[in-house]
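Presented as structure tokens, the chain that follows is alone, the form predicted on its own.
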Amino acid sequence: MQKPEKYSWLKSIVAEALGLSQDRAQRLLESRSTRILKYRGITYMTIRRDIGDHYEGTVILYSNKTGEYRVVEGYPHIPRVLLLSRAVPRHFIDNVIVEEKMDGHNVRVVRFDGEIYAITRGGYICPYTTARMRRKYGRNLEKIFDNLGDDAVVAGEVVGMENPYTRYYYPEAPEWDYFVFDIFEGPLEFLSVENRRSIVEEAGMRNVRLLGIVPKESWEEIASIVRGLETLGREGIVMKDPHYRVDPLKYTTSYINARDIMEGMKYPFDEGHTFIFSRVLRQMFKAVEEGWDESRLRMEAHRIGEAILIPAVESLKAHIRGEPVAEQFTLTFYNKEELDEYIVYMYSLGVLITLVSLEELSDGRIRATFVKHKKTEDQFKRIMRTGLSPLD
């Protein structure tokens, strides 16, 4: 089914929304750079790469009821720092606000056509995240949008173990929660950090943790903050200008660099090989900037080596034992309709998941356990059959 035939009515909307000619809008609709999906009362188009001034993950929402539309801009990429001592004094103007970078998934929340929607970094309305957001923070978000208007976008991190994307245990959010790190209006006009934090607190929601306000010359103080996070096994920091006069920067701990490799290498043909070099690069510059002695360098090298090889070998052994090489996770739904919507959504994205168990809780909610299949298993089968490498 070709998109231009089914969605030709979108051409004028896409052209107006993105500032394109009719011909270019038509070509965009025909390309693989867009996907068109439906969620309850709306049709939406997500952009899968940067288009002009619009970032990947930009979404055009269209109301099937009113015929109105709006553009939700994609969240911009945040440059990663390798050397704090070089980047921080050169990049920032005066003070640097240091906030915690949490390990979850980026979600933009909007109000459109009178309803709250949760949009992933890639530009998809996640039914599961939307349902939980509406129930936990619906009234709080309404306060923010009543105050700022429906052009506002709330951006934050969904964290916790009941998470369909990235699961990491936080004591302050063991199951599911949302921590706001930005609010913007119009085309990425960010509120000041102080204003955003005040609005979020007044609405009864949670900001990401403020770790310090540091003069740009005091990069050593920022490094000390990171070392404190290291001891707690936390991910890292985002550094911001108080008024967004320059773009934010991010920096991660050694702990998370090694842990990411370990998690990725459980599925070496899915995430593993893309995880390794970037994180080794981070460790390389961290070692030089922090002046690791030989003992520390060998300890970190040992940790990286274990993170690469051990989980991959364990996955291969599990495959040989006949166990599936797959990711298992558990989510809680409020009713069967929400469960069904989530399953349909994942299949619409081409993600193969299998529902392996259901449990009805005493409050009527449904706890569902899924297995997400990985292409690593298919590669293991091929290698074990032929003995040949698929890479070289």
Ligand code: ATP
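Treat the numbers as computed from the prediction; the structure is a model and nothing was measured. Start at 1 with the first residue shown and count on from there.
Omitted from view is the form predicted together with the named molecule, to which the following refers.
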property	result
Answer range among 132-140, 92-100, 308-316, 264-272 for contact with the named molecule, defined in the predicted complex as heavy atoms within 4.5 Å	92-100
In the predicted complex, the residue from V208, A152, M205, V214 that sits within 4.5 Å of the named molecule by heavy atoms	V208
Listed residue (R227, H243, R80, R298) with a non-hydrogen atom within 4.5 angstroms of the named molecule in the predicted complex	R80
The named molecule contact in the predicted complex: Y128, any heavy atom under 4.5 Å	no
Non-hydrogen atom contact V238 with the named molecule in the predicted complex at 4.5 angstroms	yes
Distance check, E157 to the named molecule in the predicted complex, heavy atom within 4.5 Å	yes
Contact of Q283 with the named molecule in the predicted complex (heavy atom, 4.5 Å)	no
Residues of stretch 102-136 in contact with the named molecule in the predicted complex (4.5 Å, non-hydrogen atom)	M102, N106, R121
